[in-house]
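Heads up, the chain below is alone and in the form predicted on its own; it's given as structure tokens.
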Amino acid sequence: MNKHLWSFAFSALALVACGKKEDAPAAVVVPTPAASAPAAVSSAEEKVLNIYNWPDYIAKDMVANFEKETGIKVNYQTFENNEALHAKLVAGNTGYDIVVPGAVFAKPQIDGGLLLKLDKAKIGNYGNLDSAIMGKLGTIDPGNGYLVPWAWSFTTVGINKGKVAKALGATPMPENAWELVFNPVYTAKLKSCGIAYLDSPTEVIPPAMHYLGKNAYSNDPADHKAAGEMLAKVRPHIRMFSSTMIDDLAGGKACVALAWAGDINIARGRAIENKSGNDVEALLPSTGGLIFFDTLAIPKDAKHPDNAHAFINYFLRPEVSASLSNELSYATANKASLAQVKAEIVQDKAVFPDTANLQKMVSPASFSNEARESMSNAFTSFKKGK
């Protein structure tokens, strides 16, 4: 996941965490990076760490460097959506020591006793996290007892500029980017070059409700139904429900996507690297994107919790957190790392939106179990074209 700002409104960061938008703190100057605490490792545990993360969501040398420093062997696996991770946690006996839930799913996982409370005495670099973000995250995780921010970004619309311009022809780009994936006037034209949606109820129904002017995180089944009815009008124009969005955009399988800005940014870089000629861009909708916040957590049944704490402590080093933003174009919540994030990344509004755009964006909130079931039903009907 997207998943802050240095001379321009650090206050914007206050909006990335969970809960309602509230008064933001004043802008501050980027501090000098703090000294890093070592990745202390318990000798009592087997030197193994099992991590379960999203695809394409880690700096390339992070695991190798951690293994070299600590002697801990990391087994790294990936999941495609929050629903898959949540199902594993509910079933129990996951076999994982670190998981990366989205904030939308984290509260029921905490309330359900699925996560282990953090031992902050084992996380010497915990103080590098921005207090404004942690305060907002406290609406999901009171006292910040269970979650550590991994990265953040926002759900939005990504395009291949050249292909979209050709498909639209004389029709101008809409003022609101959401029109490109939700308005049949545009989707009927864009189906020729390929429209892709994320393959997850909780990633599609909320922006659809937002487009309709409803609460994006409504628990009301009537709102989910309304979103499904609106989506049914564009269903004939959707080419794919993608779990490989980065490659689909970078390779030109889709010219328009309902996707995560962070992944769209990765696709842009991959298209340039591959010299594909696909000019990929993450758009900033006039009515705002939907911010998401991904977090590190330790499952209740983790067999190597000390090793998990060691990895979290390692990740919170300024240079390590900065590497995630520098390589993947996802925003960091590590205040001490900001000075080490590349200037071009900091200045990219698709990575770190400016204050004006952040003020329009929707902060995440939790869904009830009944709401997730209701959205799943609406999404399934939408996919089937019923």
Ligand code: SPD
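In this text, residue numbers run from 1 along the sequence as written. Every value quoted in this text rests on a predicted model; they were computed, and no experiment measured them.
This next part talks about the form predicted in complex with this ligand, which is not shown.
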TODO: Report the stretch among 334-342, 349-357, 53-61, 317-325 that approaches this ligand in the predicted bound form to within 4.5 Å, counting heavy atoms only.
DONE: 53-61
Task: Proximity to this ligand in the predicted bound form, single hit among 223, 130, 203, 141 (heavy atom within 4.5 Å) - done: 203
Task: Heavy atom within 4.5 Å of this ligand in the predicted bound form - the one residue of 82, 307, 265, 278 that qualifies - done: 82
Open item on the list: Since only the chain is shown here, I'm wondering whether residue 294 would be in contact with this ligand in the predicted bound form (any heavy atom pair within 4.5 Å).
Closed with: yes
Task: Members of 323-339 lying within 4.5 angstroms of this ligand, judged by heavy atom, in the predicted bound form - done: 330
